[in-house]
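Next up: a single chain in structure tokens, the form predicted alone.
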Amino acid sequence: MSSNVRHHIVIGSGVAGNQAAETLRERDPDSRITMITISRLPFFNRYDLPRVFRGERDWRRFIIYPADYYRRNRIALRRATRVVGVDSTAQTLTLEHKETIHFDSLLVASGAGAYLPEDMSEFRPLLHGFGAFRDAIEVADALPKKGHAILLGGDTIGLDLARTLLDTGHRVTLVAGPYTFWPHEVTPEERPKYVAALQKMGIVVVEAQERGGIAGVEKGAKGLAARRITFGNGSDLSGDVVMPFFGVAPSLDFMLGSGVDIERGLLVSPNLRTTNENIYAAGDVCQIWTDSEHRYCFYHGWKNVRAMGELAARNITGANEPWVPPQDETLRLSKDGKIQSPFWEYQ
């Protein structure tokens, strides 16, 4: 292989990473492209995971691109592989098994994982996650027919799942708080109408603050529901599963010490470049400088994330275009009083 062939590495195999790899191949047909992901599955649509509650359990039905897609497009897909460090000066990254790989350009599209507030971390073993296919199967198996799911926090990912749970005959209780409707910014004046819309959907809404906050999550007593939540005022709530939905936190531990600037996410300029000219970022992992607001902002949602992947790849291959969000982030109510979130649009 010629030493002049550029090596593009993409960390992450979600919407942003795959769109970037596709665009890189189109714009730099002779390049070498490597995609590294911690996931054991190839690219699948995480937004489709609620389908497991409709009886879909075959992981192959969730896959977006078959293995042949990566072979045909000469994208080396390395699954179940963990990046543990990046050296921006040497332009190398290190894998958990000690392999070091050189890159000419690096796109960090590692996404984000479910965020759990520190005061809830001790209850983690009793909570069901929903970020991976295996998580979805486990919670679907734990929730009996017409069972009761308790959702904590109530971000838009959780509320999207709640729609499917209600539609499949389950009971849903939301323990609401400051993360409800995240990442939408809902004012205190607007909040009551959106809470009322949730109740109209069939969700039982319990305001955590009115009960003194969540004091604990416990296993249910023998013969009773599997989980019990206790509140500061002494009241409690029982259900079959308890699922946290407190927003997400960028997955970027491997970038600590890399030499690029980090706040909550990787800080990037409007063209999605980090403080190193060879490293870009796209998706939930990055904060983009916004001139109009004079601050770094996160942008979420399938359409935004996909557009970031394409833009980053275009700029890696010679363009210098700024980020323009393609997706309106406003939470709305339809004429019939139903909640409409643009983050529920996945096409």
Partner chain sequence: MSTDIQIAIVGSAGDGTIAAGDILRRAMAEMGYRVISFDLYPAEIRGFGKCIARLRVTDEQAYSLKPRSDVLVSLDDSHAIPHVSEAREWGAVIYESGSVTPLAEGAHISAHIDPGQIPYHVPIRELSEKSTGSARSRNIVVLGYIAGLFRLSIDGFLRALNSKFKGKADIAQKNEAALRAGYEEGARWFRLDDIDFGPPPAKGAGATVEMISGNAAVVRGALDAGIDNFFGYPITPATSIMERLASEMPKRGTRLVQTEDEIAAISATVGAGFAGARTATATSGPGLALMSEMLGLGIIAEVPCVVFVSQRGGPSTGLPTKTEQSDLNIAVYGGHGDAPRIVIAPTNVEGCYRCAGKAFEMAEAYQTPVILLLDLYLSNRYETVPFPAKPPFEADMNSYADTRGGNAAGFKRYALTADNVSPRTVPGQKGGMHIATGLEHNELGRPNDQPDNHAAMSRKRHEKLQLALKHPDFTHTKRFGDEGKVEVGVIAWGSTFGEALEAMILARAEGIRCAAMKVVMIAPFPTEAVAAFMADCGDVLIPEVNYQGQFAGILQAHIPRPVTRLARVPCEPMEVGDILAEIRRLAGRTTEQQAA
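Model, not experiment: these values are computed from the prediction. Numbering follows the first chain given and starts at 1.
The same protein also has a form predicted in complex with the partner chain, omitted here; what follows describes it.
Residues within 4.5 angstroms of the partner chain in the predicted bound form, judged by any non-hydrogen atom, belong to 91 to 99 and to none of the other stretches in 91 to 99, 164 to 172, 110 to 118, 229 to 237. With the partner omitted from this view, the residue of Trp302, Phe53, Phe44, Tyr70 that lies near the partner chain in the predicted bound form is Tyr70 [heavy atom within 4.5 Å]. A single residue from the set Val84, Val205, Leu126, Ile137 has any heavy atom within 4.5 angstroms of the partner chain in the predicted bound form; that residue is Ile137. The closest heavy atom approach of Arg74 to the partner chain in the predicted bound form falls outside 4.5 Å. Contact check for Arg32: a heavy atom falls within 4.5 Å of the partner chain in the predicted bound form. Contact check for Leu224: every heavy atom lies farther than 4.5 Å from the partner chain in the predicted bound form. The closest non-hydrogen atom of Ile63 lies within 4.5 Å of the partner chain in the predicted bound form.
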